[in-house]
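Shown below, as C-alpha cells, is a lone chain in the form predicted on its own; questions about how it binds or moves come after it.
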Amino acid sequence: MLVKYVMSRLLQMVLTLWVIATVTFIMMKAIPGDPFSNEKKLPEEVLRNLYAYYQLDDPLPVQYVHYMKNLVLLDLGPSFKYETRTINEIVAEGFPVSAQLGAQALLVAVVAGLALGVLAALRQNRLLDYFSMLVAVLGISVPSFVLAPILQKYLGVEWELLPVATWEGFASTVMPTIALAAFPLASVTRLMRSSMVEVLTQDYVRTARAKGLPPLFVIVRHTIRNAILPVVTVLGPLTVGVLTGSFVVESIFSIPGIGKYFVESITNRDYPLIMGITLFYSSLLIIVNFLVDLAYGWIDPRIQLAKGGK
C-alpha cells in the first residue's frame, strides 16, 4: 500500500508542477512590455535578432510547447540579462548559499522552539512559561527586516562582535541566521507548548505516571512524540521558507544567495529567470511536503495504519 500511495503522490506532484509552470508562463506573457524595453533604444534589426534568438517572435502556443519540452529535460533556459549563463547555472550557484543559511536557521528554530515549547508546558504559568511566550510573541511580531538592522546596529556596529554585511566564515552567518530563525522559532514554540499542554492531560499520560514510569521516560516516550505532530504539519512550509532564504534578509546582509537573483530578475524583467526560480521553489515545497507526509507514519503508527486501511 505504501508503494501505491507514493506513486499516487508522485503523479499529483507532477500535475501540480505542470499547473504551476503553465500559470507562471501565462502570467509572465500577460505582463505589458518585454524584457528589452528597459534597454537603450536599439535598432529594429537588433531587436528582431534578439526576439528570434530567444524565440520571442514565435506564437505563444509554440513558445509554451518549447518551454515545456525544456522543462522535461530539466532545462530552465537562458537568462535574458545574464547572457552568458543559463538559469540552471544561476540556481546552482545561489541555492547552496541560501540553503546553508536556511539550514542553520531551521536547526536553531526547531531545536530551540521544541525546547522552549516543552519547558513552557511543563512549567505552565511560571516564569519559564512567561519567558517562552515572550520570545514567541516577539518572534512573530517583529519581522525579519526590522530585526536584521537591529542586530546589525548593536552586534555589528555598536559592540563590534560580528561582521555587519559579509559572507566570509561562520561569524558572518550568525546575525542572518538569528533574523531568519526568529519567526519559525516562535511558531514552533507556540505550537509545541499548546500541543504539550493538551497531551499532558490525556488518560494515557496519567496511566503511564500511575504505573511509576520515570518522568523523563513519560515525557519523551508518551508526551513529546504525540505532541510533536502539529509541529511536523507546519514544518514543510517552514522548511522551504527558511532553506530558500529570505529575500529581505539576504539583501540586508549582502548574501549572494538565490534571493538576490530573484529580486534582480523582477527588476530586469528577466522572465525566464522569474519562471525558473518560481518553479524551483514550488518543486522544493512539494517535495518537502511529501517527505513530511511520509514522516507522519514514522512518528504516529496510527496514521500509517489508516493509510493501509484505505
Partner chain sequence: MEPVYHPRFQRVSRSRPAMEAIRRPRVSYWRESWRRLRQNALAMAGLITIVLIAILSIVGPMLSEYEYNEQNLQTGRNLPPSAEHWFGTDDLGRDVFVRVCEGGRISLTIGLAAAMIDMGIGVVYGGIAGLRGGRMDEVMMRIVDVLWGLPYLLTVILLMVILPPGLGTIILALTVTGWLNMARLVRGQVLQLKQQEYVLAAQALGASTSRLLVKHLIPNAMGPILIMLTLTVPSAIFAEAFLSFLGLGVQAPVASWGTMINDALVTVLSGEWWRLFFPALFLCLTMLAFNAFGDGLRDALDPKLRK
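Take the two forms, superpose them, and find the largest set of C-alpha atoms that agree within 1.5 Å; that set is the rigid core. Positions refer to the first chain, counted from 1. Quantities reported herein were computed from a predicted structural model and do not represent experimental measurements.
Unshown form predicted in complex with its partner chain; subsequent notes refer to it.
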item: One stretch from 214-222, 99-107, 168-176, 188-196 that, in the predicted complex, holds residues within 4.5 Å of its partner chain by heavy atom; value: 188-196
item: Contact check for 63, 67 and 79 against its partner chain in the predicted complex, heavy atom at 4.5 Å; value: no
item: The single option of 232, 111, 137, 128 touching its partner chain in the predicted complex, heavy atom within 4.5 Å; value: 137
item: 4.5 angstroms heavy atom contact with its partner chain in the predicted complex for residue 255; value: no
item: Residue contact check: residue 262 to its partner chain in the predicted complex, 4.5 Å heavy atom; value: yes
item: Heavy atom of residue 73 within 4.5 Å of its partner chain in the predicted complex; value: no
item: Distance check, residue 85 to its partner chain in the predicted complex, heavy atom within 4.5 Å; value: no
item: In the predicted complex: members of 115-144 within 4.5 Å of its partner chain, any heavy atom; value: 137, 140, 141, 142, 143
item: C-alpha of residue 271 moved at least 2 Å between this form and the one not shown on rigid core; value: yes
